[in-house]
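Coming up is one lone chain in structure tokens, specifically the form predicted alone.
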Amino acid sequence: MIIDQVLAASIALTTPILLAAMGGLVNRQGGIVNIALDAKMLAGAFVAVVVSSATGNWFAAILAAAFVGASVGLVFSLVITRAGANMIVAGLGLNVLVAGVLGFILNWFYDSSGTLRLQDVALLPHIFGDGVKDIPIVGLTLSRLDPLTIFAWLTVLCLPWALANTRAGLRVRATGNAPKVAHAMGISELRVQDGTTMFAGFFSGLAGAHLALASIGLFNEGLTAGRGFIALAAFYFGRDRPVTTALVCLLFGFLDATQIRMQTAGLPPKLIGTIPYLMVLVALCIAGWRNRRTKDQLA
């Protein structure tokens, strides 16, 4: 059934965008616009494949990917908060730097020009297996659910409460929305921003691990395909609200799944492949127009 396949593909393709968006959302709540999500996803994907092949353990692989993502995030944060670099320029630079370093490692250590295929890569397991495959409409989706997909959606449910009710969440929001008040309360803005940037890196690393280990079990230099920027657009359009952002991510995942299906129908793949990115531009335009209208109403 086409509906079953599109639904299952939509959920799977939403997961990496959703993970990166949740991390970026918290980072923005803390006052940092993180456009380097793509770099951390790419680093996480590479490490996930290498560790999975070396250990044969998918859980160790995603932990390593998350740790590397958080480490890259910390470096990114220190460049901004301590060295005073412009966060947009620093983010662009980090994306280029990570892609260049990984390209060098592939060429120097693995004698590869863009794709890394290793033996015995352990993929993410399917939680429910084929036993639920016969359930109408959602059976195929349930049979392909992996731990990171479930974790991503649990995060969507828990994050609103955590930001509104926990000490850490309130400190993050105070730092991003009222830095002078946060400073007067004795909150270390720089430490909070470092923490949220590491959080974004942690989730982006998991997003990269999902891209590499959900089904293909390999690393490619173009594996992220700009999904870090799509995640950025998602939480902008979702106004930093986890549930709204998740719904936007789901829309992008659905468009991605649909364009893949349309390519198999014989339509021009290059042209059809632009649909998700075209929708990102439309979403950003709508978000910009909405912000201007809000400011005009307040003026």
Partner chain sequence: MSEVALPQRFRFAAWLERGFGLAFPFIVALVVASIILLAVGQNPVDTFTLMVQESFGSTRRISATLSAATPLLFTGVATAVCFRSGVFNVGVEGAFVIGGLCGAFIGFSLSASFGFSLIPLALLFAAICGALWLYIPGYLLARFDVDEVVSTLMLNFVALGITGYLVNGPLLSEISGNNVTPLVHEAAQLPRLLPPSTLHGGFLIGLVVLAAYGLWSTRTAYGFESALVGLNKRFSRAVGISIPRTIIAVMILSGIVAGIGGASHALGQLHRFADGFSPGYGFTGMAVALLGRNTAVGILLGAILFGALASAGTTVQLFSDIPLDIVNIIEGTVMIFAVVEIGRFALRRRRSK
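Positions refer to the first chain, counted from 1. Whichever C-alpha set is largest while still superposing within 1.5 Å between the two forms counts as the rigid core. Since the model is a prediction, treat every value here as computed from it, not as a measurement.
Omitted from view is the form predicted together with the partner chain, to which the following refers.
Partner contact region in the predicted bound form: 227-235, out of 39-47, 227-235, 243-251, 65-73, criterion any non-hydrogen atom within 4.5 Å of the partner chain. Site annotation in the predicted bound form: the residue of Leu116, Ala90, Val192, Leu148 reaching within 4.5 Å of the partner chain with a heavy atom is Ala90. The listed set Pro179, Gly103, Gly217, Gly169 contains one residue whose heavy atoms approach the partner chain in the predicted bound form to within 4.5 Å, identified as Gly103. A residue is said to contact a partner when one of its heavy atoms sits within 4.5 Å of a partner heavy atom; Leu271 meets this definition for the partner chain in the predicted bound form. When the partner chain is considered in the predicted bound form, Pro136 lies well away from it, no heavy atom lying within 4.5 Å. The partner chain is not shown here, and in the predicted bound form it never comes within 4.5 Å of any heavy atom of Leu255. In the predicted bound form, the partner chain sits within 4.5 Å of a heavy atom belonging to Leu94.
Shown here without the partner chain, the chain has Val79, Thr81, Arg82, Ala83, Gly84, Ala85, Asn86, Ile88, Val89, Ala90 in 68-90 lying with a heavy atom within 4.5 Å of that partner in the predicted bound form. Here Ala9 does not count as shifted, since its C-alpha moves by less than 2 Å between the shown form and the other one after the core is aligned.
Here Leu267 counts as shifted, since its C-alpha moves by at least 2 Å between the shown form and the other one after the core is aligned. Legend note: Cα of Met279 to Cα of Gly176 is at least 3 Å closer in the predicted bound form than in the depicted form. Relative to this conformation, a decrease of 3 Å or more in the Cα-Cα distance between Ile275 and Tyr236 is found in the predicted bound form.
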